Every structure is written in C-alpha cells, then in structure tokens.
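Starting off, we have a lone chain in the form predicted on its own, written out as structure tokens.
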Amino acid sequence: MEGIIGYGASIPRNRIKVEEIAKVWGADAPSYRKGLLVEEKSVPSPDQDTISMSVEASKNALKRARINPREIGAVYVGSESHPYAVKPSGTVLAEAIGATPDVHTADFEFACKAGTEGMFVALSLVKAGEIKYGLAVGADTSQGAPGDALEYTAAAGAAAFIFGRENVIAEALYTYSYTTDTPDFWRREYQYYPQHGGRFTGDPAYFKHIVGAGKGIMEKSGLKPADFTYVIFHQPNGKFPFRVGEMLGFGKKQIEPGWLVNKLGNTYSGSSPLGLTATLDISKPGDLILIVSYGSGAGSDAFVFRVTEGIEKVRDLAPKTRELLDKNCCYVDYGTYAKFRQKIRKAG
C-alpha cells in the first residue's frame, strides 16, 4: 500500500486585504470581493521565498511521517517562482532537512500544477520500489503586475508530502492526468510579471482540463461524486472551484474544507496541495478524497486518496493548515506589500 505518510504546510503570517489594493488603483473593492470571492491574501516577508517555505512545510511533514530524513530517496520542488534561474531549489531543501547526498533531486515547473507533478513522480518511484520515501513540495511566491486583476489573488504558501509504503495515512488509489497545448497564461524569460488571456483562462483552459481530469479519474476508478467525502480543486479565485464542482456533480460541503482561497489567495503550485493538507487535518479513516490540480499551458493532475486509521496518530504532530492561516496574522498596507514584493525598487 503506497501513499502519503506525512504532510505539512507553510503560510506567511502577513496579509493584505482586497480593499487595500483596490483603493490604490481606484477600483471597486466590493465588486472584486463578490467577483473573486476573495477577502485577503498572504504576503511573503522579504526573507521568505519558495525555498524557505518548502523547508518549513517539509519539516512539518517530517514531524508527521516520523522517519529519518536520510531515508528519503527523492526530493522534488514544484514552483513557478524558484529563487534562482539556474541553481535548483531542491538541493537546498534536501540538505536543509538532512537528506543524504545520494538523493534524486529535481525542480518542476508547470505553472500552478508543478506541485502535483512532483507528487506524481515521488509516488510513482515509491510504487516502483526505486525509493523507500519520496518528498514532493508545491510552493510559490506568485506574481501579479501592479493594478492587474492577478494582484488581488497572487499569494504565497507551500505544502509538502512524504510518500512511502509503511504507516500510510492516505492511500493513493488512482492517478490521472489530462494535458493539452492551451496558452492561457505565460511569462517569458526576464519578464517579471506574467501575462494572461483574461476570460480565456477560465474556459477552455481551467474548466476544460479539470473536468477532463475529474471525469477521467472517475471513469478509471469506477467512482462517482457521491462516493467522495471531500474534493479539492485548484483555486485561482473563490468562484471557480464551486463552479467546476457543480459541473462535475460535487456539492459545496465536499469542497469547503479544502477551500482556502478566500483568506489565502492563489498560492499557484501550493494551491490544491494546501487544500489537501487542510482536508487531511479534518478527515477520518475511510474518507475518500479527490484532488484535481490545474496548471496553465495547460494540464491537470488528479489523485484519489483513501484515509487510513493512521491519520489519527499524526494529525496533531505539526501545525494544522487553518491554524497557520487564521492565527497570528499581520495586516500590511499597500506600501509595505509593494516593498516586500519588490514592486518598488531603489534607484541605482
């Protein structure tokens, strides 16, 4: 039996409210709240990046996995905001958590599904018997140009998962991927901010791929929406997950436990993985969980997990995701946010 043996999250404590962004650009904050179903988002401090959040999330995952990090055979970091263009994030993470040099390490990029890419590969290597344990992280400090619609949601956070065969807390039953060449969102080399295709990013991008992956994995598994206790979809805003859930036959009660975007924003590669950590925090043995990611460009990865009795033993060994989200928040104004996100740069 292969699956998740440990999981962890990392969320910056800084927040900025939608109203704070809207007033700078003369925008209608209530319309953004209503249109996006987002109230505020996380903001990384100057000393927080994809690597530092990956380390924190991975250490929390190790607390729950209760294994020696030297037994981890693969370390993967999925992100579209790696701190270095050439130097990998995974090497720093592997050494920071105490993995041995004979570990396979790689960085993944596929817009917002880079995290589930790493999960797919780490799980596959465990299934194949090539490694004992595999660590996969989805993390981002996402970018949004000043005044662009993305600025209201582009946030930061990380989720980490350790896969193995022993003491599994969520058994991986099925996987499925759905991919096409759909250019809805992109950023060329040396460009600081991404560009997007406006409404095109919803349909045929987001909805086509999540529906394709969702239907595909249910056909493969023989399961139907009513069989699942919880479902997590990628969360670029608050409305899309509920809309695509309705398209696939899922209800709000199945979606809401992993729906974090209204207070967190869109954490890109960490979005659906963080939703999974929040769902595992409240799940019970026997629960079936479906997670479907989405990455522009475009593709979706889907997983079906069945929660085991082991969840009860490890859930409280590390901070829960909603505790990180709701407690000890520090609200910043737009000037501080702009400085932290390097939207304001010193001359010279």
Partner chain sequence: MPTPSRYWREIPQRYRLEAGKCRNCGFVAFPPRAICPACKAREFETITLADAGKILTYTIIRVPPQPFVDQAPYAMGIVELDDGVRLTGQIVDCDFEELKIGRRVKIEFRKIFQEGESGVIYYGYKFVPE
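Residue numbers count along the first chain shown, from 1. Remember, it's a predicted structure, so these values are computed and weren't measured experimentally.
Not pictured, yet referred to below: the form predicted together with its partner chain.
For the options 129, 251, 222, 83, the one in contact with its partner chain in the predicted bound form, meaning a heavy atom within 4.5 Å, is 83. Site annotation in the predicted bound form: the residue of 150, 121, 106, 96 reaching within 4.5 Å of its partner chain with a heavy atom is 96. Using a 4.5 angstroms limit between non-hydrogen atoms, residue 59 touches its partner chain in the predicted bound form.
Contact check for residue 55: a heavy atom falls within 4.5 Å of its partner chain in the predicted bound form. Taking the partner from the other structure, its partner chain in the predicted bound form has a heavy atom within 4.5 Å of a heavy atom of residue 45. Using a 4.5 angstroms threshold between heavy atoms, residue 318 stays clear of its partner chain in the predicted bound form. Looking at 96 to 104, 154 to 162, 269 to 277, 71 to 79, the stretch with residues near its partner chain in the predicted bound form, meaning non-hydrogen atoms within 4.5 angstroms, turns out to be 96 to 104.
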